[in-house]
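Listed next as structure tokens is one chain, alone, in the form predicted on its own.
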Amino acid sequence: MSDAGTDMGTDSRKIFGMKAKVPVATENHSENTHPSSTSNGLPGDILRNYTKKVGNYLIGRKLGEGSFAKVWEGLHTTTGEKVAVKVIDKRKIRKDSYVSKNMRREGQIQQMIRHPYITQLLDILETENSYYLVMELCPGGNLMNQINAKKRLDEREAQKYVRQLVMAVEQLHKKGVVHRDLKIENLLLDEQDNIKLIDFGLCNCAGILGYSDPFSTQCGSPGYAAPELISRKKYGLKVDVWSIGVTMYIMLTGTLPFTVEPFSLNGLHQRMVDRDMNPLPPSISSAAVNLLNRLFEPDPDMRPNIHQVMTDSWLQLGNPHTGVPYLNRIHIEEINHTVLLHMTEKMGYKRSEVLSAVLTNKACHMLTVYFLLNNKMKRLSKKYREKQYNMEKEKKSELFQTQWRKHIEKITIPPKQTPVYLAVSKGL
């Protein structure tokens, strides 16, 4: 995170567009049926879109829904920025002992990870009936919607998304984390049309979190699952590599690579083991086909690991953003001191506590405020620079037109004369 926005030359209160407010010592996690009409001076027309308040967040429209959780659009009342709020219903998960036992694992694992292609966990709240995970909002929507609209993606476009997914998974595997639910539906797009990997509910991590025998549970979507996972064998990190192959295939074709009619797990497993992949369009390059064949290796011992996948020629390792190691934690020199100064001097936070939360990636309200203000500052700085650029462009255009008019005015057109050759002919 660079110190974005410092070239704006304005007061931080104007940049952030918010009133200074000293934080309350204890978070209010109670679930209110209606948000306060005086939520940090937010306009009433905005508040009408939100029907519930939890802690420092207003809850609005529903973005998605799963078996045990729903994802809602939220509004952070302190900064006025939008977030995504995943609400896990504790009453529902009590019926499933495995999910109930591992409910907090998702938040624990996401705090271990920081990557530009993985959604950032900002805050964790809990009430008697609900468990809340507050995350950054991805305004670009779901990648699946884009594939449905286009039928399938252009190979160059798919190449970009697969490359980003591989880089995200590489960061997970470096920490010993297996996702186990990689699929198109779990890939969102940000404002820059880059992917954000979401939904870590089925993630697991051996050793670090102290779970014994973690990689034997049969879970995830059958169409994306590796053959060793479907056959209930012990498995490792390479199940994610297989799922990357399925995701890549769907991007290129709009369909699943292995299907059986009528559906049966045994029949699906047999097609995977036999390498009986559905035919690919003839327009797909040989390099892409070669990578898919590598990813769909049924023997996990022969299947490449995520680091070997990154070296594949189709992913264009020569790309400056591919293969570059990404630090899992923010370095002290990357701190945005304008935001830090605003939080300490205008909002009443302690400098040491803000730095501790940001540098350790601890999901809490302080991390939320820092992350949202930093992003807001980058966004406003970008708009400011674009505005300055457009103004300079207009000035140059006006100057050019003015100079051209002056040049035209100076040009004198000589009087019409009889051509020399005609004058000579006439004289003869």
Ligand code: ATP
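Here the structure is a predicted model, which means the values were calculated and not measured. The first residue of the sequence shown is number 1, and the count goes up from there.
Form predicted in complex with this ligand: not shown, discussed below.
In the predicted complex, this ligand sits within 4.5 Å of a heavy atom of residue 135. This ligand in the predicted complex is approached by residue 183, whose closest heavy atom lies within 4.5 angstroms of it. Using a 4.5 angstroms threshold between heavy atoms, residue 247 stays clear of this ligand in the predicted complex. Under a 4.5 angstroms non-hydrogen atom cutoff, this ligand in the predicted complex lacks residue 364 among its neighbouring residues.
Listed residues 69, 54, 369, 377 were compared with this ligand in the predicted complex; 69 is the one with a heavy atom within 4.5 Å. Only one of 165, 225, 188, 252 comes within 4.5 Å of this ligand in the predicted complex through a heavy atom, and that residue is 188.
Of the stretches 197-205, 238-246, 264-272, 152-160, only 197-205 has residues with a heavy atom within 4.5 Å of this ligand in the predicted complex.
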